[in-house]
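Shown below, as structure tokens, is a lone chain in the form predicted alone; questions about how it binds or moves come after it.
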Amino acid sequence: MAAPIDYYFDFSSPYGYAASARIDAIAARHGREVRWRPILLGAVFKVTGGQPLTSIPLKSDYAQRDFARSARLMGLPFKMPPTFPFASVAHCRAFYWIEDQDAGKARMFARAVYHRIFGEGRDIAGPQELGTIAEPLGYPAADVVAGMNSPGVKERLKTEVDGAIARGVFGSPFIFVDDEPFWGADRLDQVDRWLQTGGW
């Protein structure tokens, strides 16, 4: 069986939100699965010298327009949250704790978090709210909060971020089809074509 597609994303990335709506369907058309891998762009930016688009003069206004336009193109609701960018450490840890129980439910959790943030434009203030989002998936909020603070989950996130940087990931979303990298939600059609043709 072909290797899973690696989908790296930051929960504070509007383009990651856009890609999350299509990546699984694209992979399924070609008999592939997707390994969702949340990371921290803040750690990546320390290596690249990058910064959030909304903090760059001239690019900021354009970026916010493009976030909304890209979401509309994909048929997604979109509203900027009051706090942006935001630290997504707790979001990632909650994801990895849930993934240790059930990878499918972790993807459902990620989509629900993304919808809350960019679909509804709401801040997710902390671990307790993330735990509440996980409850419909069968995980008590208290268990999620305890899990995301466990040493193993903290180490898992560090390992994922370090591994992503070592692999050359510098933005969100960042997708690998085997060893071929694709950066950005606007490269999803290329991902689809690459899977269809085996590359070009």
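Keep in mind that this is a model prediction, so the values were computed, not measured. Counting begins at 1, following the sequence as shown.
There is another form of this protein, the form predicted together with another copy of the chain, and it is not shown here; the text below is about that form.
- This chain lacks the partner; the member of 145, 169, 157, 27 within 4.5 angstroms of another copy of the chain in the model of the complex by a non-hydrogen atom is 169.
- Though the partner is left out of this view, residue 174 does reach within 4.5 Å of another copy of the chain in the model of the complex, counting heavy atoms only.
- Taking the partner from the other structure, another copy of the chain in the model of the complex has no heavy atom within 4.5 Å of any heavy atom of residue 22.
- Within this chain, residue 87 is remote from the site of another copy of the chain in the model of the complex, having no heavy atom within 4.5 Å.
- Although the partner is absent here, residue 72 sits close enough that one of its heavy atoms falls within 4.5 Å of another copy of the chain in the model of the complex.
- The candidate stretches are 72-80, 87-95, 106-114, 123-131, and the one lying within 4.5 Å of another copy of the chain in the model of the complex by heavy atoms is 72-80.
- The three residues 66, 165 and 194 all sit with a heavy atom within 4.5 Å of another copy of the chain in the model of the complex.
- Contacts to another copy of the chain in the model of the complex (heavy atom within 4.5 Å) from stretch 174-200: 174, 179, 180, 181, 182, 183, 186, 187, 190, 193, 194, 200.
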